[in-house]
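Given next, in structure tokens, is a single chain: the form predicted on its own.
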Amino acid sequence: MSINEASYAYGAAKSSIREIAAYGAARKAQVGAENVYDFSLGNPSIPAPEAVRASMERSLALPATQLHGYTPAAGLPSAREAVAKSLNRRFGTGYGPGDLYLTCGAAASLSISFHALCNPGDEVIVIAPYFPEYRVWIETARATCVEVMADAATFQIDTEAVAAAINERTKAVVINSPNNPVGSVYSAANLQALSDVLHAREEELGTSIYLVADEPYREITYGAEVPWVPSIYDRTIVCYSYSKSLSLPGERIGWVLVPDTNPDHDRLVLAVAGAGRKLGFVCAPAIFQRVIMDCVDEPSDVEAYARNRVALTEGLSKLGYEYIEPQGAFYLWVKALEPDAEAFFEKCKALDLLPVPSDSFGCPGWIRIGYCVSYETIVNSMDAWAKLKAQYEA
């Protein structure tokens, strides 16, 4: 074999989300962007705050060697300190710059965390439906991805099912709240029940189980409170990205936090740094480290998403579609009109409706509609959604 077959397999399989987005781009070139209703990518439609531009302009005045030079591998101490102080103000914690490792976005944050935690043969539990790339990053850390379905009615964590899935090989559980793809926010009571389960299973098995909290949508909510997970479970790692909160998905900037309350803090901080080193995720983009330092408390503008959410849910409700009311993020989880989500998607596609079928999220029978699009796209898509519904009522 001349190449790595596992890498080839991931490349050949591709991401269904990005495949649909690529089809949408090609289709828009054929029939006009206004005639294609592309709900595939979680690409924010809200512009980055003006404070981001102002920060970048200030950076451009720096000497070139400082502007473009390497930062420390974990990131500028001043940037990490700014993030730590912001977290401390918001959550009453006592974090310092040494608890943080700046990364090239949430993908790097999660990859680093799995490589820092896992040994070959370990298992990592994900709560389905889940972001499909979790499996890729877990498997490349030489661990096994174990799917546990969320509660079918509420899409909160099914803690009894998690308890049943834990064994002596379980190294971590990944949670994502607000959730992609459902939009659910795990309640404090649900997270406390999960914490109780993890502590009980740790004691029974004589092992350590970590909670990896993936939180890129934390600031995008519609009245729901997002609990701070390290205050509920001690052995937590938090992964964050500014892709959604500051509308910077293409700039790839985020962080990993190892809370000072984590029992394995000192060794885990070094393991995170070592994982970043071995994966080549060092020295996150310097200009955007400075942007984060300047904009760390910049509020997220969710007004447009909230407006889109209302337009989409009200429009689909009138047509008789079933969905889960999203508490956060910018996705609507809609029940497909037949058991086979892929077949349902093909009918959507024929009408230039481009949601994402649920199979890749580890859950059959649903579609994900990303409403981080223009308001006009949502309003103008309703005729197509009506035609789709009519096909199933004929």
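The first residue of the shown sequence is 1; numbering continues from there. Computed from a predicted model, the values in this text were never measured in an experiment.
Absent from the display: the form predicted together with a small molecule. The rest refers to it.
**Q** Does D99 reach the small molecule in the model of the complex, with heavy atoms at most 4.5 Å apart?
**A** Contact check for D99: no, nothing within 4.5 Å of the small molecule in the model of the complex.
**Q** According to a 4.5 angstroms non-hydrogen atom cut-off, is T236 in contact with the small molecule in the model of the complex?
**A** No, T236 is distant from the partner.
**Q** Within 4.5 Å, heavy atoms only: does P129 come near the small molecule in the model of the complex?
**A** No - in the model of the complex, heavy atoms of P129 and the small molecule never come within 4.5 Å of each other.
**Q** Is there a heavy atom of A107 no more than 4.5 Å from a heavy atom of the small molecule in the model of the complex?
**A** Contact check for A107: yes, within 4.5 Å of the small molecule in the model of the complex.
**Q** In the model of the complex, do N180, Y217 and S243 all reach within 4.5 Å of the small molecule through at least one heavy atom apiece?
**A** Every residue of the spot touches the small molecule in the model of the complex.
**Q** Considering non-hydrogen atoms and a 4.5 Å limit, which listed residue (Y323, Y95, Y222, Y134) is close to the small molecule in the model of the complex?
**A** Contact with the small molecule in the model of the complex is made by Y134 alone.
**Q** Pick from N176, S111, T170, S184: which has a non-hydrogen atom within 4.5 Å of the small molecule in the model of the complex?
**A** Exactly one residue meets the criterion: N176.
**Q** Within 4.5 Å of the small molecule in the model of the complex, counting heavy atoms only, one of 99-107, 191-199, 263-271, 143-151 shows up; tell me which.
**A** That would be stretch 99-107.
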